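A single chain comes next, written as structure tokens; it is the form predicted on its own.
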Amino acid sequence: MLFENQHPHNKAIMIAVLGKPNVGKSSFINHLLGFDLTIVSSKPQTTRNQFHCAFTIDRTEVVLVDTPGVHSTPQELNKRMNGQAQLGAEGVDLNFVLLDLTTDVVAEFRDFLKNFDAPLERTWLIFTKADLINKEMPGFAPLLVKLQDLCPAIERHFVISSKDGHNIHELTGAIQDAAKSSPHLYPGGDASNMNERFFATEYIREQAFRLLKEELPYEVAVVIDEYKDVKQKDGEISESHISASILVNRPSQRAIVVGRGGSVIKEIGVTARKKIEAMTGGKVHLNLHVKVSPKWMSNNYVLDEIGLPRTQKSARVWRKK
């Protein structure tokens, strides 16, 4: 039965967007959405949490579940990120597994399946970065046979580019055809199941990834200390006051994030604030601090705080904050 006040011809589909790190999941999702919701970086393992990204095509609601890149790792942070990918695939209608055409896709897919550690059901392969290769792809049919042998659940494949839009219309048409009659989960026009507090941390972390070099971005986390909305008499939010902490592992990393005379953290704050204001539609006062939290990537309390719940493979040792 459709929800009250929804059109009887509404359709919906939920799709998990899966793949190894840096295959272009976030760029792909943002291209389909038509705006930058999920954060993008050239550095691996940018996405850490699974969450919904929703948009509509005519009367079809498409809910994409953005997930972290699946990879092999002994570290607690990464175990939980893999767990988020597996959680994102639970109960969906389709799985999109993205494969980077500039790599050995058979080896990449084999490695993904090994580390995903969960059965895949209805699966479409989405070959990304077509703008960087020969789109004619000679010998593509034998490649598909090899991939099908690795995963019999594969139903279809698409060669796309999130940069120039190659084959995106064909893909969205196929998504509409695969959707079934259903009420919309986000009839009010919301784009995600996550709140503005979550995206504020994401946008701060995105700017830190953009500015910081080498391995440091991977060792950075962001937690919100305070998020307060100031409302006018009519109940509308006039401005937001946000205080957030950027966590690093070592004092030497704190100095890098702060920068000479506070230059780096100031630029992180300025650019992140603009993106948060674009999201909220109001003025934002953003106050950033850098805190040293040794070994936060294996600290269960911190990992819980940034929204990464324990998995079956998680360590059982709990440390104080």
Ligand SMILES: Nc1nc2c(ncn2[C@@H]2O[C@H](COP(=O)(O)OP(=O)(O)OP(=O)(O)O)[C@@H](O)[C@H]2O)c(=O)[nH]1
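Note that the coordinates shown come from a computational prediction; the quantities given were computed from them, not determined experimentally. Throughout, we count residues from 1 along the sequence that is shown.
The next section is about a form of this same protein that is not shown, the form predicted together with the named molecule.
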I'd like to check something about S41: if you look in the predicted bound form, is any of its heavy atoms closer than or equal to 4.5 Å to a heavy atom of the named molecule?
yes
For G307, is any heavy atom within 4.5 Å of the named molecule in the predicted bound form, or not?
no
Proximity of S298 to the named molecule in the predicted bound form, heavy atoms at 4.5 Å
no
Just checking whether Q50 would be counted as a contact of the named molecule in the predicted bound form - the rule being heavy atoms within 4.5 angstroms.
no
Based on heavy atom distances of at most 4.5 Å to the named molecule in the predicted bound form, which listed stretch, 246-254, 123-131, 145-153, 223-231, is the contact stretch?
123-131
The one option of S162, Q207, S240, Q84 with any heavy atom within 4.5 Å of the named molecule in the predicted bound form is S162
Candidate from T280, S293, T271, S27 lying within 4.5 Å of the named molecule in the predicted bound form - any heavy atom:
S27
Heavy atoms within 4.5 Å of the named molecule in the predicted bound form is the criterion; list the residues of 265-298 that meet it.
none
